[in-house]
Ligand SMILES: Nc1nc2c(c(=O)[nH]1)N[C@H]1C(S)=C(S)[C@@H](COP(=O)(O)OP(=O)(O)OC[C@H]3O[C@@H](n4cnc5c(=O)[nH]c(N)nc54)[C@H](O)[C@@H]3O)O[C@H]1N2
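Single chain ahead, by itself, as structure tokens, in the form predicted alone.
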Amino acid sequence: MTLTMQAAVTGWEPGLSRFNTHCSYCALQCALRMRVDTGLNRVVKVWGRRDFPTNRGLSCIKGQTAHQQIHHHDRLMKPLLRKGQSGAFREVSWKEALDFTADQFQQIQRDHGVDSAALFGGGALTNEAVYLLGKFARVALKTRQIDYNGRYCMSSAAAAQNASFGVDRGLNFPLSDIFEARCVLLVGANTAECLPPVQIFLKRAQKRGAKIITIDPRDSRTTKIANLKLSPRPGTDSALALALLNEIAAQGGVDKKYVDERVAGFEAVLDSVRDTNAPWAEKITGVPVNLIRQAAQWLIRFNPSLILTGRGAEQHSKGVETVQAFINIALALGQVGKIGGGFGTLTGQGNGQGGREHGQKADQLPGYRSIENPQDRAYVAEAWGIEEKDLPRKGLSAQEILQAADSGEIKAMWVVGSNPAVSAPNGNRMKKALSSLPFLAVSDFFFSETCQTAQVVFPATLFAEEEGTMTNIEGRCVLRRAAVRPPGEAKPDWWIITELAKRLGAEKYFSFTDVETVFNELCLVTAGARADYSGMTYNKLERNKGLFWPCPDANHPGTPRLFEKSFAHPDEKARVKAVEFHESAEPPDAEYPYRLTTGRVLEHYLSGNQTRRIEDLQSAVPEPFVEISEKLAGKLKLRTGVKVKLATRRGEVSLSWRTNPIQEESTLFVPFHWGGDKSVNLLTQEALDPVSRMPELKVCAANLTQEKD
């Protein structure tokens, strides 16, 4: 068949090629197919691949426009360097930028100690970059100060799942199991706007008879499909969970056989909820008694039942307790390990799962090994060829690193694939912290708000320009192949890390020739760990449409479901823990009478550094807004078209407003995808969960007033 005839049959034109890849955005890592003009080195179209089980041909508007960022005129093309805080950036060679960065790190560490240098990573980096960043911190810089923006994402759910199940995987089952659920409880999870293909899975389950229950303080695209809506006040989800377990026990819904055989410590939990009934919860949450009881009844009656939590339940100063309370429910019902039932958490970042598995989290080494565990430390040290005593201990969490920069304890920082100037709470303080650093380097593909205070900016490659692996929401490791050459002198993260390590005298530990050799070492170092990748190779990943960890040897098919027969504790039983309701760190008062909560919109992603540059997305939602109840709008006599001033103890922001069918009058909602004076994180507060160290981004006390015409 001639090329012209083949093009006519397949719909492809001469000079165009097809490439399979995965989306650059959320944790579904939807499989995409790209049409590439190889002559122009340009991606011209992107669409979902029907042959991939995670998205089955589906893709959201962000995925459909993902290629527009690849060739955007704002792309960083060359390294940028300036001396001091106020000078202008100039383009420099890679050699000059890397040499200057290495010199700054070495000088600052000589003067102030090794732990005066910190790394701040990202949840969208490849597994290879994550692995190298953790190794770079501990072997090249010898600092204990490394963490990443996933601390703002899944850390509370991870801590609760580790405590209960012995291991943390966002979903311990494949997404296709949702089709088998007969009842799905979504807790603070806006799937329609954060993980759109999951919303389609839920709709299909619903068509097969499943009941959908949502717990969300506002009306969203997700709650619109719900058969039952519970609308609690922000920060009160754990009270609702305690009441649900109380009602499940009262209605005889506890699976006693399952609990006796597979759960340790359940009697103490049952005792702890004897007084947390539905009337008690109604006073705290505002959710009517009859709705709480109906939700409990459905979770019992429609079996298998599945509980999925999201950031709405987790980004709190008691997020671990809240997740634990919902895990207790799933275990009481005997659902964890059943096809179509159980518990999972819906992470949002592209590699939120792999991002915390392989070493860029303060307390973890590759494969989920613990940096404080003697056996784990010894194994990794030997694999890296260093002495165990030279491996640093646990460092500060992400928010604490920024706080330490503000106090002067941290003097030098490298931010890789993150934008904390927008994403971190109490933004004015965080921007001050970043700008006060004697040295700040940033790796990114666009000039972000964080870049504005840097001395060095490294131009990084985007998803279609680099090879590497990501681990999606299911624990499925997938391979992304490069489709086009990077623009200008942009380089992949693994190359930048390796080159900088060489300049710091660690060349023998970073003698990688390509990204696949990095992955091979990652797999070796994870052997025998909870997140064991040692049976994976690039070829095997490509042949099998990804592989679920653990995958401990070359013949192993991967592990789609983790807990069908046992949990990852020595006695193979799950753990439950009694939880008490605690009020948020900053409850409303006379001066700030409302509860501010934040979240996402469909068209934008995280800090907006990518999506705000894509015309179709930015024009759809050009600026942030505050959503309020119709009742509150009437009470405040707000005038259409006149902006409002939203204020907290940390600052104020001027916003347009719109109404939402929010049942609770005190609830205010603002999306967080914008920087500058439009950033809602100028207003949010820094209270941390004592276990996960996640900031309480989801609720703080606020006031709202009409601006003058």
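Sequential numbering from 1, following the sequence displayed. Quick caveat: nothing in here was measured; it's all calculated off a predicted structure.
Although it is not shown, the form predicted together with the named molecule is what the next lines describe.
Asker: With the partner removed from view, which of 234 to 242, 328 to 336, 499 to 507, 205 to 213 is the stretch that lies within 4.5 Å of the named molecule in the predicted bound form, judged by heavy atom distances?
Answerer: Every other range fails; the passing one is 234 to 242.
Asker: Is residue 604 near the named molecule? Define near as a heavy atom within 4.5 Å, in the predicted bound form.
Answerer: Taking the distances in the predicted bound form, the answer for residue 604 is yes, it comes within 4.5 Å of the named molecule.
Asker: Please run the contact check for residue 700 against the named molecule in the predicted bound form: heavy atoms, 4.5 angstroms, yes or no?
Answerer: Judged by the heavy-atom cut-off of 4.5 Å, residue 700 is well away from the named molecule in the predicted bound form.
Asker: Applying a 4.5 Å heavy atom distance criterion, does residue 348 contact the named molecule in the predicted bound form?
Answerer: Although the named molecule is absent here, residue 348 would touch it in the predicted bound form, with heavy atoms inside 4.5 Å.
Asker: Residue-level question: is residue 316 within 4.5 Å of the named molecule in the predicted bound form, judged on heavy atoms?
Answerer: Although the named molecule is absent here, residue 316 would touch it in the predicted bound form, with heavy atoms inside 4.5 Å.
Asker: Of 600, 561, 429, 229, which one comes within 4.5 Å of the named molecule in the predicted bound form, counting heavy atoms only?
Answerer: Comparing distances to the named molecule in the predicted bound form, the residue within 4.5 Å is 600.
Asker: Name the residue from 164, 629, 609, 145 that puts a heavy atom within 4.5 Å of the named molecule in the predicted bound form.
Answerer: Going through each option in turn, the one that passes is 609.
Asker: Would you confirm whether the three residues 26, 194 and 423 all fall within 4.5 Å of the named molecule in the predicted bound form, going by non-hydrogen atoms?
Answerer: Contact check passed for all of 26, 194 and 423.
Asker: Heavy atoms within 4.5 Å of the named molecule in the predicted bound form is the criterion; list the residues of 489 to 514 that meet it.
Answerer: If the 4.5 Å heavy-atom criterion is applied to the named molecule in the predicted bound form, 489 to 514 yields only 493.
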